[in-house]
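The chain that follows stands alone, in the form predicted on its own, written as structure tokens.
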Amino acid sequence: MDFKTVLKNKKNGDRIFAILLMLPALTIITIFIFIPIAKSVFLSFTDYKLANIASGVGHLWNNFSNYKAIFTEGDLWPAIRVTFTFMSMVVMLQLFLGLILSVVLNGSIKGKRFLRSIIMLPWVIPTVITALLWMWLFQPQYGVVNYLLLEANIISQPIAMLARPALALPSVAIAALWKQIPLMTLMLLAGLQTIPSEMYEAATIDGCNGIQLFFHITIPFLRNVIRTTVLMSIIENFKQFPLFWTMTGGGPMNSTTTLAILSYRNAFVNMNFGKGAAVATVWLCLLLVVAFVYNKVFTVNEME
């Protein structure tokens, strides 16, 4: 047996070994992700309602009737607008505040180790508990937020923030920021600690000020970390459900009805599973488009 044959057999063996290592993970992903997604897409083309299930009819293929319904009834477009508004609001503020906090915690402040530990508390609290906590804080009669605003003479009487269409979405966004900023801060802080101190020292000797150091050294070195953390934040907030359902239920006047809420209402409130699956399919497609465009923009900028 010559050397080429041995090398080829070794490569084939390595390939088979790699496939065997990945097989358990691929099996789990297929069972718990790919198959449910495929079933949901299939259900979106059927007249799958509770009444049909009870009568034993089962899945009735109805082509694009569910999609025609969700696009013509008038609930889908507002839900898309609310979803994108919420996602954009939270992601931008989260990145901005996360950068500030990570730079502060990376500095030479006292007790920074303690602060790095305690800042993660909001992130480890379950989302439903976070929603209940902020519902109490926004409560008009005895909530802390209204009390502070009244004491500062910003408002003259308590405001039911979660009951006002103009304030409900920003209120949920505040709760989302409070919970998600710690993880963003921790990841950016980890990125900051990989930047060589010599880069800052050399730039300082050359006469760069703090702003120039931030934009010409910190941001370029954090580019890949920012790309990953922002994409994670986009996905997290695009599919946000527990905060909305617990705090507002999609109200008032559908001002906080996202695609997640709309899909849930159709499937588990109205018991029209086919229609709920159609909303979920549109939701998934939009998320894939957003993720693709986001990665494309980053790739183009890297090439430049």
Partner chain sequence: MKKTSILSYFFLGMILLFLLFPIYWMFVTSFKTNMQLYKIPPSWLPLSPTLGNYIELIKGKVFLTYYSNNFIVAFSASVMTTVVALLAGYSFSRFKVKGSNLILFGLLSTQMFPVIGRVIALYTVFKSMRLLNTRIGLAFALTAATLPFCTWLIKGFFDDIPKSIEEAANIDGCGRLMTLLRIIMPLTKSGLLAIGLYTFLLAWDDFLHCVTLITSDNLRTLSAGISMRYLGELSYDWALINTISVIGTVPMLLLFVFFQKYMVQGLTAGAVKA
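None of the values given here were measured: they were computed from a predicted structure. By rigid core we mean the largest C-alpha set that fits within 1.5 Å across both forms. Numbering follows the first chain given and starts at 1.
There is another form of this protein, the form predicted in complex with its partner chain, and it is not shown here; the text below is about that form.
Visitor: Looking at V230, M135, I217, L76 here, can you tell me which has any non-hydrogen atom within 4.5 angstroms of its partner chain in the predicted bound form?
Guide: When its partner chain is considered in the predicted bound form, the option within 4.5 Å is M135.
Visitor: Could you spot which one of I155, M92, A203, I129 gets a heavy atom to within 4.5 Å of its partner chain in the predicted bound form?
Guide: For this set of options, the contacting one is I129.
Visitor: Is there a heavy atom of W245 lying 4.5 Å or less from a heavy atom of its partner chain in the predicted bound form?
Guide: W245: yes, in contact with its partner chain in the predicted bound form.
Visitor: In the predicted bound form, does F268 have a heavy atom within 4.5 Å of its partner chain?
Guide: Close contact exists here: in the predicted bound form, F268 approaches its partner chain to within 4.5 Å, heavy atoms only.
Visitor: Is N66 part of the interface with its partner chain in the predicted bound form - any heavy atom within 4.5 Å?
Guide: Flag for N66 set to no.
Visitor: Could you confirm whether F17 comes within 4.5 Å of its partner chain in the predicted bound form, counting heavy atoms only?
Guide: Close contact exists here: in the predicted bound form, F17 approaches its partner chain to within 4.5 Å, heavy atoms only.
Visitor: Would its partner chain be touched by all three of L149, Q212 and V297 in the predicted bound form, meaning a heavy atom each within 4.5 Å?
Guide: None of them does, since no heavy atom lies within 4.5 Å of the partner.
Visitor: Pull the contact list for 114 to 131: residues with a heavy atom within 4.5 Å of its partner chain in the predicted bound form, in sequence order.
Guide: Sequence-ordered list: L115, S117, I118, I119, M120, L121, P122, W123, V124, I125, P126, T127, V128, I129.
Visitor: Given a core-based superposition, decide whether the C-alpha of I16 shifts by 2 Å or more between the shown form and the other one.
Guide: Moves: yes, 2 Å or greater.
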